[in-house]
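Below, in structure tokens: the form predicted alone, a single chain.
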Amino acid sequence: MNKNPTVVVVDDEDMVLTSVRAFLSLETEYEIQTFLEPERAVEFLRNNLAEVIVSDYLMPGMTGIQFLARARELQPEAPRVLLTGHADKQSAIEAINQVGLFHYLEKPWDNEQLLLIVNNAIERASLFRELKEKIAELSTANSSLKAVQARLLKAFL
């Protein structure tokens, strides 16, 4: 199945969601899923794979860091990006440490920088998933070799 990568964007401002969705839809083939409420995004992530998760920092009900922590529990391979309207470096550092943040962007963001970050995050997610598949293949091959070795030893001993 070769579907387009999914980008999840969470922000309590509809204008931000509309802007990001419009820009990424024009520039990419990605599936853009936007959410005004972090809780709804969490529900989406329970049942759907996301290649990248972008979240606002300051939202009512759940902060971006709290949301990204939940997202990390559900989909640890998906890179997480924090959008912050506050030039608060401490928040970004906290997010990097708490939720393994891939990158953060300050509002207002530069669209080209956003695109570069999202593209890099999708490539990272893709490479990570390929690595996991190769490790699983090697593990299976190793198990098969051990079984062959055991049969050979049994046949000759």
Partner chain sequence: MVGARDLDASKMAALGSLLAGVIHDIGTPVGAILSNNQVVLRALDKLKDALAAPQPDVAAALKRLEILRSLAEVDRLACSRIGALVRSLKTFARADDVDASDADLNAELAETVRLVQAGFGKRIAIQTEFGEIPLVHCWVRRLHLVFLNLLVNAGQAIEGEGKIVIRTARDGDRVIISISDSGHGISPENQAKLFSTAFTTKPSGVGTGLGLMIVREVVADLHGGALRVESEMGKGTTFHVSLPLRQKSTE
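Since this is a predicted model, take the numbers as computed values, not measurements. Positions refer to the first chain, counted from 1.
Same protein, other form: the form predicted together with its partner chain, not shown, and the subject of what follows.
For the marked spot (Asn119, Glu123 and Leu127), a heavy atom within 4.5 Å of its partner chain in the predicted bound form is absent from each of the three residues. When its partner chain is considered in the predicted bound form, Glu27 lines it closely, a heavy atom lying within 4.5 Å.
Although the partner is absent from this view, Met15 contacts its partner chain in the predicted bound form, with a non-hydrogen atom inside 4.5 angstroms. Its partner chain in the predicted bound form comes within 4.5 Å of no heavy atom belonging to Asn48.
Heavy atoms of Leu58 reach within 4.5 Å of its partner chain in the predicted bound form, making it an interface residue. Only one listed stretch (37-45, 97-105, 128-136, 50-58) carries heavy atoms within 4.5 Å of its partner chain in the predicted bound form, and that stretch is 50-58.
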